[in-house]
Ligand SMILES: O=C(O)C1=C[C@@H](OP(=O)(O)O)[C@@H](O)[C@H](O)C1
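In structure tokens, the next block holds one chain alone, the form predicted alone.
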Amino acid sequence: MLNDNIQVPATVSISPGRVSGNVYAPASKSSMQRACAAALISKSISRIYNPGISNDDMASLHVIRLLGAKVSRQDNGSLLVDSSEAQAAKDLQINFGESGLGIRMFTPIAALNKFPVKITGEGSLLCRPMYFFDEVLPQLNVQVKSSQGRLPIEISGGLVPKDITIDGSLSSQFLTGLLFAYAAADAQDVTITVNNLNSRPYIDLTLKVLQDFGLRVPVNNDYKSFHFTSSQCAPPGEVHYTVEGDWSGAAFLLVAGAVAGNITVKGLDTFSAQADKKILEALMDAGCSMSVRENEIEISAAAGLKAFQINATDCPDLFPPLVALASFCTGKSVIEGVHRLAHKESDRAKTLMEEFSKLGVNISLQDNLMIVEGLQQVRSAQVHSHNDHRIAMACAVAALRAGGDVIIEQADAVKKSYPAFYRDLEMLRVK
């Protein structure tokens, strides 16, 4: 419905060269998908502006329709979501595509339905661990049947909020799903206790979206527990929500400007709760020329970028653009948080090492650290995305300072989060 038919070829060739011009950051799928969930559970009318068009965004819209919401596109490009009479069908089957956030967030929401729900996905999502649901949902009155902690999953029974303790080390997205489900169930005087929570900024984003939609927001006790009080929320009424610009997608644009030109990226909120705005720290430490203004960032290549160190534990999606940046920084850059990379669209530590070695970049691992040795120029080569959208974009950015064309196979993986990526590069004069 929303996808504007952006065609992305399976193989893309990127020629080296400088970038210049202005570009808008894509819509954040982290913000968009949470807005879809909030609009569904609000049981009211919601208007979503700047909606995303990625495959993950489309998957979330598909899911809220299956769960009973009515979704329509308005003349101004916004979405109208009516969940005032939302009711899921009996014997529901939901396919989340390849959206990890989608399946982890919407499964607890779908579990509120007393009728059986079968949940599955596609691609790498079929191999990603979901044992969290086997361990936690039965404690909340939900019957669960999975394939040894993998998809497909069958749930039934109707989720009942209770005091519970969970492990947050694998992904904060499981906690996000529980927070939405508890809010939807009007939970009162119950607490979710969390051990070893990773990616705390994403929980900040979840809490902000709940607040923006007028939903019940738990008390955050230093990310160790989240308590839903008995105080009543005001009815949300009609909600107007604008999806934020995406820092994770914009990170590739910012790195492109830092290594190969002078560009302005618009539509980014520096006060956002998105964890990936931490890319600014790496760019500043690397010594690029950057001007941060309200709603836009101007960035250009410096005479010589220098190696940097950064802890990306709470923002593992930054590893690919950070590696692209580090590839042109003199010395050895160190990125911490490798343990967060195993269960992405690919095993990203292994994939980054494999594909960037084809470009002549030496990457090594030491325990939880990734060490990248910078070059002045990478090789012309043929690389493969491994169907990982962020690997494809990282290779494209690195190609801007290659000795010749870089050919990216399975380049259409970018449709998962940023369908217009190559089109935006062309706007910045990339061939």
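Residue indices: 1-based, along the sequence shown. Being a predicted model, the structure only gives us computed values, none of them experimental.
The form predicted in complex with the ligand is left out here; the points below concern that form.
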item: Interface residue in the predicted complex among T351, S272, N95, S171, criterion: non-hydrogen atom within 4.5 angstroms of the ligand; value: S171
item: Residue among F308, Y202, F226, Y241 with a heavy atom within 4.5 Å of the ligand in the predicted complex; value: Y202
item: Heavy atom of P108 within 4.5 Å of the ligand in the predicted complex; value: no
item: Close approach of K277 to the ligand in the predicted complex, 4.5 Å, heavy atom; value: no
item: Partner contact for R340 in the predicted complex: the ligand, 4.5 angstroms, heavy atom; value: yes
item: Contact of S54 with the ligand in the predicted complex (heavy atom, 4.5 Å); value: no
item: Which of 171-179, 75-83, 144-152, 259-267 sits within 4.5 Å of the ligand in the predicted complex, heavy atom basis; value: 171-179
item: Within 25-42, the residues that have a heavy atom no more than 4.5 Å from the ligand in the predicted complex; value: K29, S30, R34
